[in-house]
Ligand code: NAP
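The chain below stands alone and is given as structure tokens, in the form predicted alone.
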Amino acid sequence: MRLDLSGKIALITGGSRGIGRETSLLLSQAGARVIINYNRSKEEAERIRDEMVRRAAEAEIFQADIAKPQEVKALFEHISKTCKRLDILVNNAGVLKDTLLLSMELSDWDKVHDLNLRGAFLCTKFAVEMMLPHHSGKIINIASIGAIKGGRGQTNYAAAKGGLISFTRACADELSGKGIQVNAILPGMIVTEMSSRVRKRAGESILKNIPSGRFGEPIDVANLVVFLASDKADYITGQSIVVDGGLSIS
């Protein structure tokens, strides 16, 4: 199946590393013009942009802390000015602050919710404003199996990602009649910098519980993102799709 996103404009938050990086590359390879949002990873963002440009693809980077309304507003004003429209939003930016419940500070809770949930809300709100006039759009939220499986020391993360799943369903209900599909992807244990601490601490025991017998790679998630962003997924909305090699059912 060939997925053609030629002429589409795509924004990927946290698009310079891990799942975001692979998603940015794959969307670009499918023909989309890609805006890579980053906060602190400027060098990584520049490298992936340059890699795309060498392949004659259209790509640019934009710095913004998506937990901050004014910075999100500036990001979308830039997109509106330079691209005139937005077809695809991938809410990928996220953060971990793992701490046992009784040791968790309010700042640990707030930081995780601000980026993982508040950021997705802000970006989605601005994106929908741009998508509505065209009666089309694809929004893909990167959640986590932590939302349905739980995890020791991850009450803040599980709650934020669980909220993102419910947010996805409510948005899909509101927007399906407007030609906008909203879905969530729940990655399992994916080999990224973010998961390195958990894999180092408990990787062997986790691997034993993955029926597929391996950790996931960013491409495993990116492949689904591109499908959901394509017209082949026009009849799919409000769904939370697990990509975890079977970990959540073991």
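Quick note: we count residues from 1 along the sequence shown, nothing fancier. All figures in this text were calculated on a predicted structure; none of them were measured in a lab.
Form predicted together with the ligand: not shown, discussed below.
With the ligand omitted here, the record of contacts in the predicted bound form names 59-67 of 59-67, 27-35, 206-214, 46-54, defined by a heavy atom within 4.5 Å. Although the partner is absent from the chain shown here, Y157, K161 and S195 each have a heavy atom within 4.5 Å of the ligand in the predicted bound form.
Among heavy atoms of G137, none comes within 4.5 Å of the ligand in the predicted bound form.
Using a 4.5 angstroms threshold between heavy atoms, L86 stays clear of the ligand in the predicted bound form. Interface residue remark: L115 is counted as part of the site for the ligand in the predicted bound form, having a heavy atom within 4.5 Å. In the predicted bound form, the ligand sits within 4.5 Å of a heavy atom belonging to A143. This chain is drawn without the ligand; in the predicted bound form, the residue among C171, I180, A93, L122 with a heavy atom within 4.5 Å of it is A93. Contact annotation for 34-52: residues with any non-hydrogen atom within 4.5 angstroms of the ligand in the predicted bound form are N37, Y38, N39, R40, S41, listed in sequence order.
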